[in-house]
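A single chain, nothing else alongside it, follows as C-alpha cells in the form predicted alone.
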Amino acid sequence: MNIELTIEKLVFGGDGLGFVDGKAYFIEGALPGEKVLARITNDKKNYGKARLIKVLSPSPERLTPPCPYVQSCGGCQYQHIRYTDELRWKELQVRESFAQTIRIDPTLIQPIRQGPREYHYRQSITLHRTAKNNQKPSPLAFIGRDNRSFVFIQNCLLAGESLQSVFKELHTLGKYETKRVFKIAENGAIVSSEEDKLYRIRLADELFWAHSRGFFQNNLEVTQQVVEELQNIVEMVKPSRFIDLYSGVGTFAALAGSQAQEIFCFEESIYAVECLKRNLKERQLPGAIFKGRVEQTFPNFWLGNQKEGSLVLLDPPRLGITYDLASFFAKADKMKNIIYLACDLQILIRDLKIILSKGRYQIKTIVPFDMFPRTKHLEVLAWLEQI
C-alpha cells in the first residue's frame, strides 16, 4: 500500500517522521518539510514503517549523496542532507530523547561537538568474506542495507585515505575467518585482524600501543575532543582516584586520569590488556589493572576499597552495562562522580534511568559528540554527581 504524507522531523536513527490519519510512519531517507510518496513495509497497530518511493516536494536541505553506493550499502543515513543540518538534527534528537525520558534542565545539554572532517575520518573498516572457498583470493565486501547481500565497492567516503587500497585488493581469508578488520597505524601502514601484532597509533600528540585484533576509537579528532572534556571535568573535580571501567588500551586513563594520585583500570579483552600495561608503564602512571569482566571485578573491588574522591569513568561497548551493574551504581556509597561515555543514545538513557532511580545522583552535564558523521550514530557523555 502506498501513502502520501508530509514529514515533520527526523527522529533518532535518521528516519523521517510523518502522520497519516494520526498514525505515525517512519520513512528512511525522507526529510522534514518534504511531501513524499512511500510504500508501507511494516504496519503495526500504533506505527508503521515505509520505503521512500518518490519525493514530491523536496526540502531545501536535501543534497544529492556523493557516494554511488549509498542506496545499497546503508552505512550512511545522512548523506542526503547538509552536514550543518545533520548536526542540528542530531543535537535535537539528544534533547528530545532526554526530555521524553529523563527530565533534566535543558541547559545541562551542551551543543553538539564536531570534528574537522565529515568524510574520510574512519581509522578502521570491517569487510566480509564473499567467496565460499576461503583458500582462493577474492574481494571482500560490506554487508548491504538488507543485512543479507554483499556490496562491493572501490572507495568508501567514510574510510581514511590510507584504507582505500584495501577495497581494490583480493584477500585470502583463514579457515575460520568470516570477516577481516583493517586499521591505520601511526605511520599510515595498514594492519589487519589477520595478524596478531601490536601497532602504534597517535592521539593528542602521544603514541599509544594498540592491537590489530583489539579496539581503538575510530575518529581520532573527535576522540581528542572527548579527552579534552574529560580533562576539564578532572580538573574541576580533582579526584584522588581515577577508575577506568572498560578501559581498553588506557587512552582516557593516560590522557585524563594522570592528574589523579591513583589509577585503576578494568578490562576484559586479552588484546587490550597487554597494550594497557605498556601505555601506563611508558608514562610511569601509578596504575593497577584488573583483568576480567567489569561486571564481576569492579563491584568486588569497590566493596573492599570504597574511598571518597573517586571518579569513575564508564566507556562500555555499544550494548551498554548490565542491569545488575547499573543497579550497583544506583546504590553505591562514596562514589562522588560518574562519567558515562556511550556510543548509543538509547542505551545510555536506559542505563541512566536505573542509575538515577534511587535519587542518589544528579546529572551535571550531557555532551553529544558527532563521532560518526554522515551516519545515525553519535557519542554522548553524561556526567553524574552524587547528591
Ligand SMILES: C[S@@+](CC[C@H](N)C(=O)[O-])C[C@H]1O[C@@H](n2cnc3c(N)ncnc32)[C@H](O)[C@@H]1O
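Start at 1 with the first residue shown and count on from there. All of these numbers come straight from a predicted model, not from anything done at the bench.
One more form of this protein, predicted together with this ligand, exists but is not displayed; see below.
When you look in the predicted complex, the only residue of Lys238, Lys136, Arg293, Lys281 with a non-hydrogen atom within 4.5 Å of this ligand is Arg293. When this ligand is considered in the predicted complex, only one residue from Phe301, Tyr83, Tyr119, Phe215 comes within 4.5 Å through any heavy atom, namely Phe215. Comment: 251 to 259 is the region of 176 to 184, 251 to 259, 68 to 76, 155 to 163 lying near this ligand in the predicted complex, near meaning a non-hydrogen atom within 4.5 Å. Interface membership of Phe98, defined by any non-hydrogen atom within 4.5 Å of this ligand in the predicted complex, is ruled out. Taking non-hydrogen atoms only, Glu268 approaches this ligand to within 4.5 angstroms in the predicted complex. Tyr246 belongs to the set of residues with a heavy atom inside 4.5 Å of this ligand in the predicted complex. Using a 4.5 angstroms threshold between heavy atoms, Pro316 counts as touching this ligand in the predicted complex.
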